[in-house]
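One chain comes next, on its own, written as structure tokens: the form predicted alone.
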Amino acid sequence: MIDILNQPIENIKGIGPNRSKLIESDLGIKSLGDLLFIFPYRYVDKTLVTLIKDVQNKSHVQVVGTLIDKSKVKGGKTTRLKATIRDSSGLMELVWFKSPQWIEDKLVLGKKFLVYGKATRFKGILSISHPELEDYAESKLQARSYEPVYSATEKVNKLGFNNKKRSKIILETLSKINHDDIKENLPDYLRSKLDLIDRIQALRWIHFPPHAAALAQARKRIKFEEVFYFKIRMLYNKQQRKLKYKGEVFSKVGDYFNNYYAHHIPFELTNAQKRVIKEIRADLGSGSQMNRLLQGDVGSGKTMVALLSMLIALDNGYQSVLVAPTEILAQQHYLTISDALKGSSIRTAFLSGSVKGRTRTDILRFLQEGELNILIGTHAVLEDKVNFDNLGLAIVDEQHRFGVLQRSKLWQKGRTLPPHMLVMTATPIPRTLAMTVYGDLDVSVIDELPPGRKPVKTIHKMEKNRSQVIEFMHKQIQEGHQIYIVYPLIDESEKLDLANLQQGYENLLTYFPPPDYKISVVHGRMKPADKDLEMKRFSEGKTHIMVATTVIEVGVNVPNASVMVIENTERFGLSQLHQLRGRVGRGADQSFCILMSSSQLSVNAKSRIKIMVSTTDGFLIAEEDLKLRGPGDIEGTKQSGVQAFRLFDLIEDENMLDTTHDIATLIISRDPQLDQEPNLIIQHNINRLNRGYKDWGRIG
């Protein structure tokens, strides 16, 4: 098996060392296994013959006709070969602009040919340029099937590894291999229950399906295999991790939690918050290390859940740390939490790169001696010099902005066992993505907003309505509110973005002239200190308007800001628009989000704007975003492996995902170690994957 599938393609007859280097660099095909497990992206149906009268313009067709004429036509410096075929319904021209002599010799008048190619109609004449041509008597039309078409590059085609050559090599290889070369990796009981064909048959039919039903069976088998091994491997590894990594047992909920919960929470918790806290409490007392993802829309109350979780840690004698990706967001968490704990004996501290000197020295000392209960900060808390006395809970906010290596540093800061981990995100994650990307975490969702919160009104305005928008902004400022104006960002290194923002700022000065109006400007190319100063001025109410790029997407909480104006809305994705809208609506007053765009909008842009105007439900928006953009474009999924599926489609195959999730969960619950006889084949393949071996069937 290994010898055949790991055979370098340079050893294949007709490829050789020179071609193999280009094929590897352009197509990622290094071995025979790569060649077999990179599938066609479409098929040509060679089972159908179309009458000439039914041929549509610019369509790939197969026709059968008798050759009734051929001639050479001179035009300028070139000569083209032209032939005419006829069937019972009409005539069609065949054209070769560069024709070797053997083509002309093959064109025998009165002979019947099988012709395939892309038909075009010019001045009423139907023709195919450079068609595939076969003698009808020798074509064996009845034995024909769907012919595979593979992704390629012009360089590879020119070098002689075109679709025809590739298909021939794959066909020859598939005729030689057997079940010993392509071993079955699904238990018999599973294939029988789900009516799945065996693995080698699926491989043969995915490349050369004899009919549509065979192709459907091959796709079903391969898709299931992809998502099944993705899912069950994740669940199995999660189970093994729980057995391997014990967690500190937080056995009680004591005075710190109970006193705060009973007397100091300024509002009634939502049912969603209560449910999530119960899930976290169960994890913390289980004896296994908690690894939980907490997702909730902007303003849903994740920080309160984080604080209550820290109080449970403190009740059990453990310290907590909360890490945020930016100083602004970390500072915001610190102010919120320290204000909530004002008057208590709980000691909190803030640590970032800007905290230096004696203050930093004292924080590190108090932390190590156990005098500090809660540390809140940026990446600075991950440094080796930051040591805890007894860290029991680590919370990471906006976790997709931290790398795995950075998060793993928190694991090493526990005294004897790794701390419990709670990762939070305000980016709503579609259910299907959560089941795949975050399948190795337990997921908690806060799916309701605190009572009394007014939904943000979202309005779409075009450039022609600019004067109305300016008038509305004046009115809001007169009423004491503040305004964000956000410009899109293609790339911070591009001058276009800065020029766009700068031009917008200068235009604003004509409508909001100083000294009556004050405007802050924030963009990614500013020094961090200058950026923080501008954000601080705005949050303190010293400026009326903040003109910014998307750097304000996360980390600014200004309850007095009631208007978000988003310029060039068509250049933003749905989730990003929703995140930006979440910057307003944090106070008691009605807030507004104004989506500015040109009048020339693509269908996709119109769809995004329509969704934004119609709903404020972040999870609904995330689902729609997934449908519009696909999983590969959703932030954070590229490094997670979602794009690695070759055939399985997260949107199209959602039902299969649900089925596979249920099957994998049931198998693991009944046989956690996968060591019962029918499941040994699954365990074997998961072990191969975990050792980093290349499994030619595991596409995910």
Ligand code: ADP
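The shown structure was predicted, so the numbers you read here are calculated from the model rather than taken from an experiment. Each residue number is its position in the shown sequence, starting from 1.
Note that the form predicted in complex with the ligand isn't included here; everything after this is about it.
- Picking from 447-455, 509-517, 315-323, 169-177 the stretch near the ligand in the predicted complex, with a 4.5 Å limit on heavy atoms, gives 447-455.
- Checked against the ligand in the predicted complex, the candidates Thr348, Gln476, Thr270, Asn185 yield a single residue with a heavy atom inside 4.5 Å, and that residue is Thr270.
- Gly299 is the sole member of Pro418, Gly285, Pro209, Gly299 with a non-hydrogen atom lying within 4.5 angstroms of the ligand in the predicted complex.
- Contact between Arg586 and the ligand in the predicted complex is found at the 4.5 Å heavy atom cutoff.
- In the predicted complex, the ligand lies within 4.5 Å of some heavy atom of Thr303.
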